[in-house]
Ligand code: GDP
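Just the one chain here, the form predicted on its own, laid out as C-alpha cells.
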C-alpha cells in the first residue's frame, strides 16, 4: 500500500505516473484542504477536485484545474448579471462542486469524497486531510489577503511577509493509513501551503517517523516548477532550494528525489537525508511521469 500526500499542483502529474505502476486500489491519497472555501454558493475543494479529475482522467492538463473541454456558460452568465465570481468554474466542474456541497451537508467531506470517487470509477482512496474548515491568511506588503485573492486577484504579485493558517483535526483514519503503508510519497506540491498543513495535523509527523518516506522536490535550482512556493518559503526564512525542502521534512525523511540540474546539491542534501535520488523531475510528458513513478517505487526497500 502506497500513501501520497498531495496538493493540487505538481503532485497530480506524479499521480498520473503512479497509477500506471501501482494498482489503483493500493493507492491512498491524502489531500490538502487548507484552501477550501465557498464560492458562488458552492463548496470549492480545489486540490481534492484536481485529484479526483486526475484519477478519473478528466483533468484539464492545460491549467491543472477543472475538467478538460468544459464549458463556462454559467460562469459567463453570472458575469453578465453582475455577479462576477473570483474563480472561473466550468459547468461540469460546477456540477461536481454542487453535488459535493449537498453530500457534505448530509455526510461530511470525507464521505462525500468517497461517494464522488466511486461515481467516477476511481479505485484509489482519496482522503481529505481534515473535515474541519481551515483558514489561511497571506500577510503581504499590501495587507492581509485571503489565499485565493492573493493567488488569483493579485496574481501572486505582492511581497509575502508571513503566512498564517489554522490548525485542524485530521480526518478519521489518516494516521492508520500512514501506519499501514509500505511507503509514503510526498508529492512535488507547495511545501508550505499544500504539504505543511497535512504535516501539522496531530499525529501525522510521529506516524511518518515510523514510515518509509520519499519526497519529490518541487524546486529546481532556486525556482519553483509552478506556483508561488518560493515567495512563501522566503517569507518563512526557508532556503528556496531542494535543501530547504529537505530541511522541512528532515525529521522523518528517508529519500529525497531531486532534478538532474540539482546534482551539485547531492552532498549537501546527504547531510540532511540518508538517500538522494537524482533524475529528471520535469513531468512534461507521460513517459517521464511513468519513469519517475517507477524510480520512486524501485527505491522502496
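Note that the structure is predicted; figures quoted are calculated from it, not measured. Positions refer to the first chain, counted from 1.
The same protein has a further form, the form predicted in complex with guanosine-5'-diphosphate (GDP), not shown here; the description that follows concerns it.
**Student:** Would residue 215 show up as a contact with guanosine-5'-diphosphate (GDP) in the model of the complex if we use heavy atoms at 4.5 Å?
**Tutor:** Contact check for residue 215: no, nothing within 4.5 Å of guanosine-5'-diphosphate (GDP) in the model of the complex.
**Student:** Contact with guanosine-5'-diphosphate (GDP) in the model of the complex for residue 90, defined as at least one heavy atom pair within 4.5 Å: yes or no?
**Tutor:** No, residue 90 sits far enough from guanosine-5'-diphosphate (GDP) in the model of the complex that none of its heavy atoms falls within 4.5 Å.
**Student:** With the cut-off set at 4.5 Å between non-hydrogen atoms, does residue 96 touch guanosine-5'-diphosphate (GDP) in the model of the complex?
**Tutor:** Flag for residue 96 set to no.
**Student:** Any of the heavy atoms of residue 185 lying within 4.5 Å of guanosine-5'-diphosphate (GDP) in the model of the complex?
**Tutor:** Residue 185 lies outside the contact set for guanosine-5'-diphosphate (GDP).
**Student:** Identify which of 116, 181, 224, 124 has a heavy atom within 4.5 Å of guanosine-5'-diphosphate (GDP) in the model of the complex; exactly one of them does.
**Tutor:** In short, 224.
**Student:** Out of the stretches listed (164-172, 82-90, 100-108, 190-198), which one is close to guanosine-5'-diphosphate (GDP) in the model of the complex, meaning heavy atoms within 4.5 Å?
**Tutor:** Of the options given, it is 190-198.
**Student:** Which residues within 227-243 place at least one heavy atom within 4.5 Å of guanosine-5'-diphosphate (GDP) in the model of the complex?
**Tutor:** Contacting residues: 227, 228, 229.
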